[in-house]
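Below, in structure tokens: the form predicted alone, a single chain.
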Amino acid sequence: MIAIVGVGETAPTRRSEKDIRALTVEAALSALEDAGLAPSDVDGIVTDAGIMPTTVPHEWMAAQLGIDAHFSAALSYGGTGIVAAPLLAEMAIRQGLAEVVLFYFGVDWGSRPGGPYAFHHIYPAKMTFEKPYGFSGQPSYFALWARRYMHEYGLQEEDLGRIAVAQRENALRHGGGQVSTPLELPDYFNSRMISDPLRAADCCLITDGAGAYIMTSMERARDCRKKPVEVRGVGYASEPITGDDIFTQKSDLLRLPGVARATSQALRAADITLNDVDFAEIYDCFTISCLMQIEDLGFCGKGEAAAFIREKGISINGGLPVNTHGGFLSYSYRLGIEHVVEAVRQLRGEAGEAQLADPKLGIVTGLSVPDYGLLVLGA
């Protein structure tokens, strides 16, 4: 078993004066300081395989930190790569290829031309058949899913609004996020329509920022500065559908690929059930994606998430606290590195005003369709 022994992040902001490379170095150094380790202790680097290799390559980071010969690997992209990275770190540590592994991730989508909208330019069919006709960008894709869900299960706009309101409540209690204004349901309905039925309050923020975490063996972790957080289980699954097709062409728009398999893998490895989980940091690029994951993870049946959220509650005081820092909707949108950082702080008892009462187990999800990752962390 391995542990996360250090976490760090830059302050999330809409546009940073620093570039993406400076932000990731700052986050990496912060995570090492948190662990009580020096850059020279690092002998392994893992990142996602889609975004970091082209913006902040491993060899560039190693040169900045003065890391000599090291293990280097990457997995999936974005959110799934962020939460599934411990799979690669554990393999490297177990086989003696590395002792201290650094994971880092950052985005400059707040200042980069095109931001997250430009990400899908890598898919030729979207560039030919969708974007020229205005079906452009993630709000359009997820609005399609939301409308279908409403048709199938009778979801109301107010049900989506409850997710946005709960996460804003969490963010204001947590502090340090990009948004500082309260949000109630009347404010939600007054929020600007982006792609019907999704309003601005249903959509993630746009952020410049970075985060990082440090992994090592449980034995080495006992010598680090702070209480180690155990990696209890990791799940990773993908399905054979292209990025061109995933949002608009698959036969069942309401089932998220890979979720059931990745969840089963992670829970089995951790030897727990969802009933044992004290909180969930869920990839919430939109309210509808958060709602659909609550179902596909298995917290409730299909079509039941709205009632589950209404009756159980997902705020910090709710029966299932979700995104205790406010998530992508109200804290920042760095594709999930902030979710891992927050989960570790919760399990250490360092979450300040947003701290849960003695949490023992938390999960973090990564949605990078058609890939999915799930990370189980334990105090």
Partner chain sequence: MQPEFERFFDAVRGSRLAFPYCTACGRYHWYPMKRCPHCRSNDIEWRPVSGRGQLYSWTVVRHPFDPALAEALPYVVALVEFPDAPGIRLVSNLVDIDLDRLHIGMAVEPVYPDTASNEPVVRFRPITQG
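Everything numeric here is computed off the predicted structure, so don't read it as measured data. Residue numbers count along the first chain shown, from 1.
Below: the form predicted in complex with the partner chain, not depicted.
In the predicted complex, does each residue in the set Gly154, Asp296 and Gly301 place a non-hydrogen atom within 4.5 angstroms of the partner chain? Checking in the predicted complex: none of Gly154, Asp296 and Gly301 is within 4.5 Å of the partner chain.
Of the options Pro257, Pro139, Gly161, Gly177, which one has a non-hydrogen atom that comes within 4.5 Å of the partner chain in the predicted complex? Of the listed residues, the single hit is Pro139.
Can you pick the one in Ile194, Ala73, Ala237, Ala221 that has a heavy atom within 4.5 Å of the partner chain in the predicted complex? Contact with the partner chain in the predicted complex is made by Ile194 alone.
Heavy atoms, 4.5 Å, the partner chain in the predicted complex: which of 89-97, 129-137, 275-283, 182-190 makes the cut? Say which one. So the stretch in question is 129-137.
Hey, in the predicted complex, does Arg148 get a heavy atom within 4.5 angstroms of the partner chain? Arg148 belongs to the contact set for the partner chain.
Report yes if any heavy atom of Ala125 sits within 4.5 Å of a heavy atom of the partner chain in the predicted complex; otherwise report no. Yes, Ala125 sits close enough to the partner chain in the predicted complex that at least one of its heavy atoms falls within 4.5 Å.
With the partner left out of view, is Ala306 within 4.5 angstroms of the partner chain in the predicted complex by any non-hydrogen atom? So Ala306 does not count as contacting the partner chain.
Any of the heavy atoms of Ser264 lying within 4.5 Å of the partner chain in the predicted complex? Outside the cut-off, so no.
From first to last in sequence, which residues of 234-258 have any non-hydrogen atom within 4.5 angstroms of the partner chain in the predicted complex? Heavy-atom contacts to the partner chain in the predicted complex: Thr242, Asp244, Asp245, Thr248, Gln249, Lys250, Ser251, Leu253.
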